[in-house]
Ligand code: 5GP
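Encoded as structure tokens, the following chain is the form predicted alone, with no partner shown.
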Amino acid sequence: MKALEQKILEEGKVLSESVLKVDSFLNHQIDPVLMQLIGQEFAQRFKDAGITKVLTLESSGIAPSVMTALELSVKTVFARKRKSLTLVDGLYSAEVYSFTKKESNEISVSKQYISKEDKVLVIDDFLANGQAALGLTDIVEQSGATLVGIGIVIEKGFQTGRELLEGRGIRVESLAIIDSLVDGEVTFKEEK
């Protein structure tokens, strides 16, 4: 997706050979016009999948998920990283390790929001090692729903996440695939 790649080049900051900071438009401050385009692109790519719910992880996945759900005319559900006083019983839960933050989180979704009748599209902001996507996939499996695929805003193509997910037979659609962050420069993988 050229608009996303251009935004990454203009505003993304390479912090290391494995970390790209995009908080000016994706995960701290949100560019709503770009999020609308992202939602339209995911909706187009998965238009024939019969999606009934979009699932993401708080908080960075919420904006692209809401815009995708809006385009598909379905609801968004987000997994919480911290339990609240009102979210204690009837949960699907999974453990997710963050390599960036070097910590594990238990993520949870209320059982009342995903059921075995649902066809779920998972949306996440980044794909690196695939741990967040696997945690969300685990929640879909616990519910008995059908996982139709995973939409990724930015994939670090030089890490193992895609291989891990596709090895499980999961359809992965990424809007921007980064081939390298070497020498502080973002290089994108060429589209096939």
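In case it trips you up, residue 1 is the first one in the sequence shown, and so on. Quick caveat, the model's predicted, so the values are computed rather than measured.
Below, we refer to the form predicted in complex with the ligand, which is not included among the displayed structures.
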Option touching the ligand, based on a heavy atom within 4.5 Å in the predicted bound form, out of Thr100, Gln112, Ser73, Ser104
Thr100
Within 4.5 Å of the ligand in the predicted bound form, heavy atoms considered, which of Ala128, Val153, Met67, Ile139?
Ala128
Using heavy atoms and a 4.5 Å limit, would one call Ser18 a contact residue for the ligand in the predicted bound form?
yes
Are any of the heavy atoms in Thr52 no more than 4.5 Å from a heavy atom of the ligand in the predicted bound form?
no
Since only the chain is shown here, I'm wondering whether Ala132 would be in contact with the ligand in the predicted bound form (any heavy atom pair within 4.5 Å).
yes
Verify the contact flag for Ser143: yes if a non-hydrogen atom of it lies within 4.5 Å of a non-hydrogen atom of the ligand in the predicted bound form, no if not.
no
Sort through 44-52, 31-39, 143-151, 119-127 and report the only stretch with a non-hydrogen atom within 4.5 Å of the ligand in the predicted bound form.
119-127
So which bits of 27-53 sit within 4.5 Å of the ligand in the predicted bound form, heavy atoms only?
Asn27
